[in-house]
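Encoded as C-alpha cells, the following chain is the form predicted alone, with no partner shown.
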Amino acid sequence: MLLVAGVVWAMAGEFSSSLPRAELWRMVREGVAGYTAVKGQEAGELIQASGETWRQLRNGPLFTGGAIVLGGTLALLALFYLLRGQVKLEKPRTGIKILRWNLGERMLHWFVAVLFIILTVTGLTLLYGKAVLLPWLGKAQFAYWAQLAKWLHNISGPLFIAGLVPMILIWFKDNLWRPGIDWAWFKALGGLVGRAHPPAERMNAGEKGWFWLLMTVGALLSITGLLLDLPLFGLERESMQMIHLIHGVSAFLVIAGALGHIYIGTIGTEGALEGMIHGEVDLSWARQHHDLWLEALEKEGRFSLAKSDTRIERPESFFKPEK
C-alpha cells in the first residue's frame, strides 16, 4: 500500500510539473490579483466573466424574442390585409392636387428611410446571419457579406442620426398630441376597420404614434448605437454589453413600428404613397383622411374648398410651402 501511494504521489507531482499553467488558472478562478505590463483600460482583466452572460442573452432571449416580434408583426399585417384589403378612396379622384410634402421634406424622409432599411438588413444579418445565411451562402461568401454588413451598419448609423434629428425638429409641431381628436381617431381604429374615417389633422394619431416612437425608442436606439459605433467614451466592456442588449431590444421595437408604418403608407392605403413620392395628394384623399388639415389650409388662405375646381399649382421652398 505504501508503495502504491508513493507511485500515485510521484505521478501526481510529475503531472503537475507537466502543466505549469495549472496553478495560474487556479489562481485566476479564485480571483487572485496578478500583474501585466500591457497598458489599457481592461489590461488587468484576464477573463471577462460577464461576457458569457451577454452571449447567452444575445443568443437566447434577444435572438428568439426578436424573431417572434418581427415574425408576429408580419403575420398580423398579412392577415389584416387578407381580411380588410386596401383602404380605397370612397369618392372618385378629382384631379385637383394639394401639396402635402414639399421637396425638402421628401428628400429628408427618403434619406432617413433608405438608411433605416440598410441598418435593418445589416443589423439582422449580424444577429441572424450565422443561423439563416451561412447555410445558404457558405463560409467564404458569408464572411464577405458579414464584414460588409458590419461596415455599412457602422457608417449608416451616424448618417441616420444626422437625418433623424432635423426630421424630428421639422415635424415636431405637426405631431403634438391633441387628446380630443387623436383619441377619437384611435377609438375608430383610424378607419382601417369599418368604413368610418375619423377626423385628422396633417398628421393623424397613427402617424403621431410612429413619430413619438422614433422620438423615444428611436432616440435610445440612436444613442446606444453611437456608443457602440464610437468606443471613445471610456466605457468598460461590461457596460458595452449591456448597451448592446438595449440597442437590440429598441431596434426590434422600432422595426416593428416601421413595418406598420410602411404597410399603411404603401399597400394599406390607396393614394398615401403618392404624396411622399410626388409631394401632392388628390383632393378626395385629403378630404377622406386629413379633413381637419384641409380645413386649416383654407383658413390660412392657401386653399379654397369653394373654388377647388382647377389644379392647384404652388411653388415649393426647400422645407416649407410658400403661402
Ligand code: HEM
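Numbers follow the displayed sequence, beginning with 1. Just so we're clear, the structure is a prediction, and the values are computed from it rather than from any experiment.
The same protein has a further form, the form predicted together with the ligand, not shown here; the description that follows concerns it.
Asker: Mark residue 221 yes when one of its heavy atoms lies within 4.5 Å of a heavy atom of the ligand in the model of the complex, and no otherwise.
Answerer: Contact check for residue 221: yes, within 4.5 Å of the ligand in the model of the complex.
Asker: Does residue 87 reach the ligand in the model of the complex, with heavy atoms at most 4.5 Å apart?
Answerer: Contact check for residue 87: no, nothing within 4.5 Å of the ligand in the model of the complex.
Asker: Taking the ligand as it sits in the model of the complex, is residue 205 in contact with it (heavy atom to heavy atom, 4.5 Å or less)?
Answerer: No, residue 205 is distant from the partner.
Asker: Flag residue 278 as yes or no: does it have a non-hydrogen atom within 4.5 angstroms of any non-hydrogen atom of the ligand in the model of the complex?
Answerer: Flag for residue 278 set to no.
Asker: Looking at 185, 142, 116, 101 here, can you tell me which has any non-hydrogen atom within 4.5 angstroms of the ligand in the model of the complex?
Answerer: That would be 116.
Asker: Quick one: from 109, 178, 150, 237, grab the residue that has a heavy atom within 4.5 Å of the ligand in the model of the complex.
Answerer: It is 150.
Asker: So in the model of the complex, are 168, 213 and 260 all sitting within 4.5 Å of the ligand, heavy atoms only?
Answerer: So, no: the whole triplet misses the ligand.
Asker: Spot the stretch among 118-126, 168-176, 72-80, 88-96 with residues whose non-hydrogen atoms come within 4.5 Å of the ligand in the model of the complex.
Answerer: After filtering at 4.5 Å, what remains is 118-126.
Asker: Let me know which residues along 126-161 have a heavy atom within 4.5 Å of the ligand in the model of the complex, or say none if there are none.
Answerer: Heavy-atom contacts to the ligand in the model of the complex: 126, 127, 150, 153, 154, 157, 158, 160, 161.
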